[in-house]
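Listed next as structure tokens is one chain, alone, in the form predicted alone.
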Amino acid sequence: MSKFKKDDSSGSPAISTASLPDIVFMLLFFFMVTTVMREVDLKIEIKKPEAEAITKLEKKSLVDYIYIGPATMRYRSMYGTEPRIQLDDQIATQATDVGPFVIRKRTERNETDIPFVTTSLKVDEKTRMGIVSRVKHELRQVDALKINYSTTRKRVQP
């Protein structure tokens, strides 16, 4: 007669890994959707000035950025150490290039959004105001009157 042996192993059952690929793909999809790729390759070195009273812009999609400052180390041999104006990925040769840049950006937008567009100036803290004044003059010429200066929040020291 054969004897049946009862299995007395009372260990916990193995964790099922059948749903693991689903979880991995769900996380991958989440990060692909929420990650924002850098739109502009900065050729300008910017250390923003500090301010105490700052407000955030509501709609970042309605902001055009103009960068003003010295060229980064990578581009110093090409552009020198003087402050330059960067419009998207291009270095402007002079301040008069700002007007056509703003007009081009307007043509790419919906007509109802144009009155709400803000031009944000990201200016290095050591840049002299002469070049900033010339850029502001060019913005006035093309009726881009909503201007924002990008800053960082001033740290309060105890």
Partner chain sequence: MAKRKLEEINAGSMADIAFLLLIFFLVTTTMDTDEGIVRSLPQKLPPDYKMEVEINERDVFEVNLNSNDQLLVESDYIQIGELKGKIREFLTNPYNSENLPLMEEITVERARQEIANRKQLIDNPKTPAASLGVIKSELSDWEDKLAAAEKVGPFRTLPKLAIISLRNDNGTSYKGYVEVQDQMQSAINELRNEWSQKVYGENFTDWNSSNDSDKEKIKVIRAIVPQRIAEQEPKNIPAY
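Please read all numbers here as calculations on a predicted model, not as lab measurements. Positions refer to the first chain, counted from 1. So that the term is clear: the rigid core is the largest set of C-alpha atoms that superpose within 1.5 Å between two forms.
This protein has a second form, the form predicted together with its partner chain, left out of what is shown; the following refers to that one.
**Request:** Note which of Thr112, Thr55, Ser61, Thr107 lies within 4.5 Å of its partner chain in the predicted complex, where distance is taken over heavy atoms; exactly one does.
**Result:** Filtering the options by heavy-atom distance leaves Thr55.
**Message:** Contact with its partner chain in the predicted complex for Pro49, defined as at least one heavy atom pair within 4.5 Å: yes or no?
**Reply:** Yes, Pro49 sits close enough to its partner chain in the predicted complex that at least one of its heavy atoms falls within 4.5 Å.
**Message:** Is Ile91 near its partner chain? Define near as a heavy atom within 4.5 Å, in the predicted complex.
**Reply:** Output for Ile91 is yes: heavy atoms within 4.5 Å of its partner chain.
**Message:** Is Pro21 near its partner chain? Define near as a heavy atom within 4.5 Å, in the predicted complex.
**Reply:** Pro21: contacts its partner chain in the predicted complex.
**Asked** Applying a 4.5 Å heavy atom distance criterion, does Lys43 contact its partner chain in the predicted complex?
**Response** Although its partner chain is absent here, Lys43 would stay clear of it in the predicted complex, with no heavy atoms inside 4.5 Å.
**in the predicted complex, residues of 87-123 near its partner chain [heavy atom within 4.5 Å]** = The stretch touches the partner through Ile91, Ala92, Thr93, Gln94, Ala95, Ser120, Leu121, Lys122, Val123.
**Message:** Tell me whether Leu145 is among the residues that move between the shown form and the other one (Cα shift of 2 angstroms or more, core superposed).
**Reply:** The answer is no; the displacement is under 2 Å.
**Asked** Would you say Leu27 moves its Cα by 2 Å or more between the shown form and the other one, aligning on the core?
**Response** Shift of 2 Å or more: yes.
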